[in-house]
Every structure is written in structure tokens, then in C-alpha cells.
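What follows is one chain in C-alpha cells, specifically the form predicted on its own.
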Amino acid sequence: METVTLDQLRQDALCILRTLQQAGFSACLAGGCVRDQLMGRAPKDYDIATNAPPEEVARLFPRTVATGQAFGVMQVVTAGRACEVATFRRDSAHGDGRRPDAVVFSGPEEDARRRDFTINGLFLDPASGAIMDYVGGRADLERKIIRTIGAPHQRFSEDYLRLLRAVRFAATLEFELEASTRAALQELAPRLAHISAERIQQELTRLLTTAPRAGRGLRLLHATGLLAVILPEVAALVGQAQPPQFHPEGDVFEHTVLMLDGLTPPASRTLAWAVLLHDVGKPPTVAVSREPDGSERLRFNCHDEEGARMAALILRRLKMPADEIAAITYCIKNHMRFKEVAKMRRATLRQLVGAPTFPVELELHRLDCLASHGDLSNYEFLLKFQDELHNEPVLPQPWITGHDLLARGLPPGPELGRWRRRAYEAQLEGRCASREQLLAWLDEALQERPRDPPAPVAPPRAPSSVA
């Protein structure tokens, strides 16, 4: 797959701008790409705003896709890459809390005033360097403030996902929420329940994977009331005490915040969600046990298994792809086994290290330790074990196959599977130096195995009486 560079995207956008301007239309860069350039950040994509109506955009470019032509939104495709081109517009009421009921094409000032936050309401003409700011966006960029354009209640009511977007921008840009914007957000937080789960998941994923301190974003979600609406299972971590000898940092929520703050953006989706949900099983499994010295201790027996079960339900609710759910829940279910790695047999260690999720699991373990007791001895043990295996495959091809076992008289079924696993473990342990030695070991072991007694012969059934 071709890798598209940021420079290619920018050149595409500039080419589209020139074509529109040469045809007599006004056109400029709009929204997030302008914000990012003013902040000295590399834009992830480029959007264009113009007074050219959609039909003129379609006429001017060889390939366009009408992604929202009724709302003046077109995709211009250049060399297989798409750039959004939107006609300046003014929106009417938003009856569904997401899209305008109708739009009227307008000029740049009206278009800016319909947008969500002041920092996203800026326009830039790259040719002249002129910036059009009708909403005070540049001042808010300098003050590092997230503020709605116009009345906060109206802006949020037009699309309730903006409630979550406000927190995401505050987290990813490390800005503060302006007071009236924050107050409206807290008041309207329950309305986020009206937004589709998939859109919520996408915004949460962007926050978790791109924020310099994703834990700060989680704190803000809780403080504004959004967390209880979209992830009540995570909100339940607040105030859940833990044994101070293992968790001097405090409750489970604080522990999760510290782990999220330790992520390095852009973090993998699997790791970010595994961190967020790895301890959701603690509140439902908490129990108090009495220690030999008479003291009491909090325990969370099987919280890893319960957490994996809960995480699967949460992620399915949020419409996460099935393969990602499987990977995330696998990491959560197995995150406690890392404390036993120094006691594991070599074969078990190789299977642990050879798992496709191991890089994520290892980083999850590292973050878990750093956000609690700080002991990285098991992490370092695994790094050393990995280094020992760097000249050989972690999980080599098995020397003994099912055909070998069938040839020795084992019937298909569970017993054959058990013997195949035993042979592979012996290979991984290094107990045999070659396939021939392993076959010799197998022949000897099979001769010594206990034989199942023959099945009893059922007595002949008495003939049934004839009525």
C-alpha cells in the first residue's frame, strides 16, 4: 500500500485551491488544518472551503465523490487521495441533534459562525498568507482555550457529539475549557447518550491514542459527567480502594489515569483500550481477606477474567471491530500472569513471548508497574529472555506432527492433541536436540503411558415381549 506523505496531501490541497481560484471562485483552507499550522503542528489532513457550489466543483475536477452534496460537501480525488471541498454555508435547525435540516449557501463569515469551536473557525489563503478570523479563534489559540462559537447550548444541541469533541480537543491540544462552554457541557452531558455508539468510540479512540496525556483526558471526562454516561464501568473505578503496599498511588481510577498518561502518542488502539479497561473487573470482584497477622487486605480475585468479560461487552456496545475486541480482551485476561514469569518453564515463556499480542502485553505490564509499585524486574526478565532468543525463532515449527502420532497408533481426538502439546513443549524446553531425538523420546513415552481399560461388553438385551 502506498504511503501518503503530509507534503503530498498539502500539494493536493494547494492544487485544488489554485484550480478553484483560477475558475473565478474564492477558496481557502479551513478548520483544523489552519489551527494546526498556526500552532506549528503538521496537519493530518486538509479541508477546503469555497463559494463554488457543488455542481461547479464536480465540473472543475475529473473525479469527485458527492459525500454530502445536499450540504455542499464534495470529495475531490487526486491520485487516489481525497480532499474535502465544502461550499460556504449557513445551517438551519438540527432536528436530529446531528445534521442541519437544511442549508443555505453563503459567505465565509456565516460559514465560520456555524462551526463548533473558535479554534476550528479559521480560514487561510496559502497564496497570500491571509487569515480570516470572524470568531476570535486566534486569540483563543494563544490563550489555549476551547470555546464554542456563539451560545454553547445552541452549538452543543446542533450535534451532541461536540460534547465529547470539546474534551478531546482540550486533551489532545492540552487546552482548558472556557467557563461557559464547560458549564453547558456538564449540563448537557446526558444528551451524549443520543449519539451512536460507533461515533462515540471513534472520538474516545482519538482521545486515548493521540493525547499527550490521555489520563488528563479521562479526568476531564469524569469531571464533566461524560464518563458516567458513556463508560459507567470506568466511572465505577473512582473511589475503589486498593492495597497501599502494591498501589501507593491510590484508587483504581488514579492508577488508570497514571497508566494512560504514560502512553506515548500515537499509541496503538489495542494498547490504549487495554490500559483503559484492564482493571474494570476490580469493583465487582472486591473482597476483604484477613491476613495471618490479623490485618485485613483488599483482594480482587479473578478480576482479570471478569475484566475481560466486561471489556468484551463494553467494546461490543461501542461497535469495536471483532478482531480488536479479541486482542484487547486477551491482553486484559492475561495481564496478571506477568507476575509469575520468573517461575515459568521455558516452553511457557516461549509461548508467552511468541504470542502476536506480546508487544502490547509487555507494554501494558510496564505501564501497570510504573503506575503502581514501580518494580520492573519481571519486565526486565522478559527483555533478557527475548534477547536470548534473538538468533532463533521464538516459536519454531513443531518437529512432531499429528501424522507422526497417528502413525504410532494414537487415535484422532483429545489424547492426540495432548501428546502433540507435550512433544512441542519438550522441543521448546530444549530437552531434545533434534527431531530424531524427540521421536525417540516420544516412542519411549508412548510405551510407558497407561492404557485405557477395554470398554466392557454390554450384555445382550433380552428380547422385548410381544403384546
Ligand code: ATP
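Numbers follow the displayed sequence, beginning with 1. Computed from a predicted model, the values in this text were never measured in an experiment.
Just so you know, the form predicted in complex with this ligand exists too; it's not on screen, but the next bit is about it.
Residue-level contacts in the predicted complex: of P53, G32, G68, G402, one residue has a heavy atom within 4.5 Å of this ligand, and it is G32. With the partner omitted from this view, the residue of D159, D125, E233, E187 that lies near this ligand in the predicted complex is D159 [heavy atom within 4.5 Å].
Note on the interface: of 379-387, 107-115, 139-147, 352-360, the segment with non-hydrogen atoms within 4.5 angstroms of this ligand in the predicted complex is 107-115. Shown here without its partner, the chain carries Q242, H335 and H373, none of which come within 4.5 Å of this ligand in the predicted complex through any heavy atom. Shown alone here, K44 lies within 4.5 Å of this ligand in the predicted complex, counting heavy atoms only. Heavy atoms of K282 never reach within 4.5 Å of this ligand in the predicted complex, leaving it off the interface. At the 4.5 Å threshold, heavy atoms of H255 stay clear of this ligand in the predicted complex, well away from it. Contact check for H303: no non-hydrogen atom falls within 4.5 Å of this ligand in the predicted complex. Scanning 140-172 for heavy atoms within 4.5 Å of this ligand in the predicted complex gives D159, R162, R165, R168, F169 in sequence order.
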